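Given as structure tokens, the chain that follows is alone and in the form predicted alone.
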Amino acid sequence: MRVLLKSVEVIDPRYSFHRKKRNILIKNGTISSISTQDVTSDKIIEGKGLLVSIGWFDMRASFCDPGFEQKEDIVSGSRAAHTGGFTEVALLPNTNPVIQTKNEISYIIANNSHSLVQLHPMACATVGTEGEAITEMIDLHQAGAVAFTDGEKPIWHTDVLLKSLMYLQKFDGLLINRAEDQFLTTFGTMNEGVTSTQLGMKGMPNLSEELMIERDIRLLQYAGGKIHFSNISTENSVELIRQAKKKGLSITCDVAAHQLAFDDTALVDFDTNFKVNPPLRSKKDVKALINGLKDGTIDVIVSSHSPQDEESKKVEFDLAEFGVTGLQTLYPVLNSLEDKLDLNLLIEKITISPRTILHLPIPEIKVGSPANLTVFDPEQEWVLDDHSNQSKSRNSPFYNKTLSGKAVAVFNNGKWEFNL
């Protein structure tokens, strides 16, 4: 089948036709021509203002499978991913059982050879994500693990983190940590600050994140290796990482899209869909995160897709689970930031940067290359509701809201899906 992307504006600074309109013909999953000439095709995707980039990559998502399929599974998570514009997703290991053996890796990647959305498993850094003993990292790496992390749990044990950094150097492996001193956030439900005081809620201080980042930077200086901080959220975290990068340390980091869209004042109505960890921070922190993206301190923007069933969210605020779904709403958030951040930079944060950090192949928009593409419309408005939502879960602060910006088609692995 031949699909023509007609007069789409290409977003890819690597090519001379960047920010220019081209007709891109995809034949049997391969880009067969890129030109300004009309060509014959079986299907045409055409529309005013359509843009195309290489396929989007989400570096942090949970599909809850195996073990928690009532929240999400590989099929529904993949559907939410391609509807949101993603052709590849890196998955957290916090399943049941956790991802710490070759069998569990095989389960995640079993359908990659013929799936529209490629899944990249991140294996546990420690056995059972308990933080007390490192996993068989070399075997897991050879089986297909793209990084090592305890995912939703921080690696609390200092010596274990140190040994992980040293062990991973044997194969240039990446350690990913979510920075949180859980002893400082026990019973916390939201950001510690003016709003938490007004609401009478137990706060989670910025210090809990910043202390662990500072600790890990010191350990990295001592042991070598490389580390990625996931879901950073505070102004001082950005500055700590900025200064460490200036010293030449091998550090990267990401921020969740919802951390850029909201601050802690969003919780005044006790809506549990805003309950996330790390919590939504202050306006000052949000501004610092945006500046960190501008100057390159923050390398990646992630969905931090964390589905929760109704029973986990429709309870009192302090009893509700943390997390929001984010795959389908990440692009509308980025679209809302275009007055603050350049489109080229935003797309780079969800295409080239995550693949570079994980040492994965970067797709190309050139004749003869496999089509790994996302077509998107920054003007199209839509509503996230029971009809459009592809996740099994509904825990999104954007639910039943009108959003601007939508992925309208994705191509990958010889397959395609249209969301027109």
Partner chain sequence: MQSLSSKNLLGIKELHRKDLELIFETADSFKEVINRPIKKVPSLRDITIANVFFENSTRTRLSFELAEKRLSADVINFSSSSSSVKKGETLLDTVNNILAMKVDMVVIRHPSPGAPHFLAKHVNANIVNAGDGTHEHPTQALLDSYSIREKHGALEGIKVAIIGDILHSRVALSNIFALQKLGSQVMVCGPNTLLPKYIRELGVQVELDIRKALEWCDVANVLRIQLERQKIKYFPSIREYTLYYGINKKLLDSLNKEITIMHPGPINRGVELSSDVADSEHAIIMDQVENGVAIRMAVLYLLAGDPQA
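Positions refer to the first chain, counted from 1. These figures come from a predicted structure and were not determined experimentally.
Missing here is the form predicted in complex with the partner chain; even so, the following discussion is about that form.
Asker: Pick from 143, 162, 249, 199: which residue has any heavy atom within 4.5 angstroms of the partner chain in the model of the complex?
Answerer: Contact with the partner chain in the model of the complex is made by 199 alone.
Asker: Counting any non-hydrogen atom inside 4.5 Å, which residue from 107, 156, 317, 262 sits next to the partner chain in the model of the complex?
Answerer: Comparing distances to the partner chain in the model of the complex, the residue within 4.5 Å is 317.
Asker: Using a 4.5 Å heavy atom cut-off, which of 84 to 92, 148 to 156, 170 to 178, 318 to 326 contacts the partner chain in the model of the complex?
Answerer: Answer to the contact question: 318 to 326.
Asker: Closest heavy atom of residue 194 to the partner chain in the model of the complex, within 4.5 Å or not?
Answerer: Taking the distances in the model of the complex, the answer for residue 194 is yes, it comes within 4.5 Å of the partner chain.
Asker: Might residue 187 be said to contact the partner chain in the model of the complex, defining contact as any heavy atom within 4.5 Å?
Answerer: Yes, residue 187 is a contact residue.
Asker: Can residue 73 be called a contact residue for the partner chain in the model of the complex at 4.5 Å between heavy atoms?
Answerer: Looking in the model of the complex, residue contacts with the partner chain do not include residue 73, since no heavy atom lies within 4.5 Å.
Asker: Please check if residue 269 has a heavy atom lying within 4.5 Å of any heavy atom of the partner chain in the model of the complex.
Answerer: Yes - in the model of the complex, heavy atoms of residue 269 and the partner chain come within 4.5 Å of each other.
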